[in-house]
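Only one chain is included here, represented as structure tokens and corresponding to the form predicted on its own.
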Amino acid sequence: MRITRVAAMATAAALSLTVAACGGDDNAGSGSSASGIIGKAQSSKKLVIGVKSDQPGLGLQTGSTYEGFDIEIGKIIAKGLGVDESGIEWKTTVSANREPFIQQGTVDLVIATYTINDERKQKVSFAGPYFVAGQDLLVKADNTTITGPESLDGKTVCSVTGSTPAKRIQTDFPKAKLQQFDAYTKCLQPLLNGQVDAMTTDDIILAGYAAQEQYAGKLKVVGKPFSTEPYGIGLKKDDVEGCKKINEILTAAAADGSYKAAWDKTLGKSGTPAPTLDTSKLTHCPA
């Protein structure tokens, strides 16, 4: 009888270990998903989001505060993932460190005027695009002579030395006079003073400058883009479910008005109406 009781206890212990082992497998599975953006958001209620800090209207840091359209998009994504605004850590990124920051886990997401292209897709995944930018022109608000890039013959156009927008002016519009500085901000005063006729870079960045309080009503974006720059939300390359979830959140934001509200709060101050987010093109997640 004693032997039977001991055997029964041993059997129960074995079953208990088996159940525990099965539970361990489930947790391992949860741990695996927790390595993705969805799992981290659920478990920690925190996210680190890489953003620009020097682009008015998009990602601008003042003290410890960040503001702009990209910041508002980050808040929408975080909320959709179950993370409160207080759980977001904003981390300044520059163009050169966006992929390394994602790959190394320094940030969970990058929302920083981050153009989706094939080279970058070899290293990271992209949700979106949440906005399709294009090179455009910023002129004085009362300028009626520059209506697009075809109006630039003989005009002086300001851009940044070595930038893609500057190179495009040189190659595609050689009759324009190109004035180059090492920062876009250095183009603004010459534009206001009439020393240059236009400034050029991505339209959304130009809208950000035009939306600044000191330039309100003084500058305008021409609104005739002549390139295509789809801005995506970068995350780890293997996080397919996270990518799909972010696209779902963007689709919902387009439908419930929060996308438009994000624009109106930031870049809308430039007088540029909110774009329509084409959710049919949110197809950049890996298969």
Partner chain sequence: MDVFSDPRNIDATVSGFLWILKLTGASAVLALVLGVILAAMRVSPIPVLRLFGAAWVNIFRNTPLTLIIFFCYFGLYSTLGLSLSEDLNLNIYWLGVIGLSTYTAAFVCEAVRSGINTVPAGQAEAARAIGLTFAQTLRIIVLPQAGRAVVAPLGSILIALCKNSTIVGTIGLMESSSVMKDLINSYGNAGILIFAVFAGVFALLLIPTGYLFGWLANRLAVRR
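Given the structure is predicted, the values throughout are model-derived calculations rather than measurements. Numbering follows the first chain given and starts at 1.
A second form of this protein, the form predicted in complex with its partner chain, is not displayed here; the remarks below concern that form.
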Contact segment among 177-185, 124-132, 198-206, 79-87, judged by heavy atoms lying within 4.5 Å of its partner chain in the predicted complex = 177-185
key: Exercise: Gly217 in contact with its partner chain in the predicted complex, heavy atom 4.5 Å   = no
task = Using a 4.5 Å heavy atom cut-off, state whether Thr115 contacts its partner chain in the predicted complex.
result = no
request  = Using a 4.5 Å heavy atom cut-off, state whether Ala96 contacts its partner chain in the predicted complex.
outcome  = yes
task = Decide whether Thr161 counts as a contact residue for its partner chain in the predicted complex under a heavy atom distance cut-off of 4.5 Å.
result = yes
request  = Since the C-alpha distance between Pro100 and Ala166 changes by 3 Å or more in the predicted complex, give its direction relative to the shown form: closer or farther.
outcome  = closer
Note on Ala96-Ala166 C-alpha separation in the predicted complex, which departs from the shown form by 3 angstroms or more = closer
